[in-house]
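First, one chain by itself: the form predicted on its own, in structure tokens.
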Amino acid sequence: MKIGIVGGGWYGCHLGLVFKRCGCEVDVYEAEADVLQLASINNQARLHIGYHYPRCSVTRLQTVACFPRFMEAYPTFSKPIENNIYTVSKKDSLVDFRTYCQIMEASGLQFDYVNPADFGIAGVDGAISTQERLLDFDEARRTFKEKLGRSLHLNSRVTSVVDGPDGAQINGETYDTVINCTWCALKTGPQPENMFFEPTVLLYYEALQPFYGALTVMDGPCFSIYPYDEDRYSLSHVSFTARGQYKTFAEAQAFNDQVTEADLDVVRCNMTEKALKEFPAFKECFRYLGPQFSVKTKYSNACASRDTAVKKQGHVFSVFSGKIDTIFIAEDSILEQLGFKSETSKIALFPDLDMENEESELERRLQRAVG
């Protein structure tokens, strides 16, 4: 079977490896000069387990189920964070701390209760330490390129996907099946009625003194301070990171292109003011470096759902991607519809990877993270 994949983000690269392992002829087309660009990397470097979605059971349980599979298939793609703290704002959260913890416990997630004051946190009812992890974009990018090899086509923008009676064409090249992993940036079929394109801005900061790890305030119009790499942290806020809702990717991108320094100053002042409420030492701990722009595709609903779904029309699959570790939801759906058996594992994707000395540590982390 010949498979064409549009988009070299997390979903496109993962599905490319899966189908190569199945013995298919695979082409992955990426418009940028490297994989994991745009929204794949212009985002928080957060590998979700479920703590972020108390109001959406589907998204939460998808990440709970997929996190162990991600760790098994890609054990080197993330790193532990010593103190990954979640807390609930007394004033701004849509759920109270007790309810939040009960939701996490009912979902099979494990955590440790901690004293907010020990982490410089104020104005909250309580805090927990979680096993959420930090993504290693450089390692993921290197490995995907190495494993995909000649199946990966960089600087290859797809302008046309045409379905036909015997297959589908990408820029005139015929495939038995085409998988669109651009989350409707390239339209290939019906799209969800409640979706929109969202221009976003995160702010990068440098730590002026050692910071304990990560801080996420829940749930609603709240902020998060999260490590991005060795030298930077990102500051985001639900009310100010999202900058609007547009019907097309081009409109959202055009909005980002027109953002001025004065606009950024307003965003930074607003985010700083909110961060100081629950983390009073913010200004003493961090120095502003600059912005990070992106465009995300989201569903419009009250529960902030980010679940993954797949739709098929003719010979073309459209992947409506959610979180990074829910790449396996897309994998299972597409393989089942094409008559393949899902065999994703560290052995299946990386038969040459020696895990002998890491197995016990990996198993311990998984058990501690998901119960």
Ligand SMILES: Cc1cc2nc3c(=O)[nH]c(=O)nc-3n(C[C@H](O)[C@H](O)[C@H](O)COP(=O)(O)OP(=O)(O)OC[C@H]3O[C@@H](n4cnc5c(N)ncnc54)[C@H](O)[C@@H]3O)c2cc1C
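The numbering used is simple: start at 1 and walk along the sequence shown. All figures in this text were calculated on a predicted structure; none of them were measured in a lab.
The protein also exists as the form predicted together with this ligand; that form is not presented, and the subsequent description refers to it.
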Q.
To test your reading of this chain, name the stretch in 34-42, 332-340, 54-62, 309-317 whose heavy atoms come within 4.5 Å of this ligand in the predicted complex.
A. 34-42
**Q.** Residue among Y100, W183, Y233, F144 with a heavy atom within 4.5 Å of this ligand in the predicted complex
**A.** W183
Q.
Taking this ligand as it sits in the predicted complex, is V295 in contact with it (heavy atom to heavy atom, 4.5 Å or less)?
A. yes
(Q) Can you tell me if S224 lies within 4.5 angstroms of this ligand in the predicted complex, counting non-hydrogen atoms only? (A) no
Q.
At 4.5 Å between heavy atoms, is I3 in contact with this ligand in the predicted complex?
A. no
Q: Determine whether any heavy atom of R157 comes within 4.5 Å of a heavy atom of this ligand in the predicted complex, and answer yes or no.
A: yes
Q: Enumerate the residues of 45-75 that have a non-hydrogen atom within 4.5 Å of this ligand in the predicted complex, in sequence order, or give none.
A: A45, R46, H48
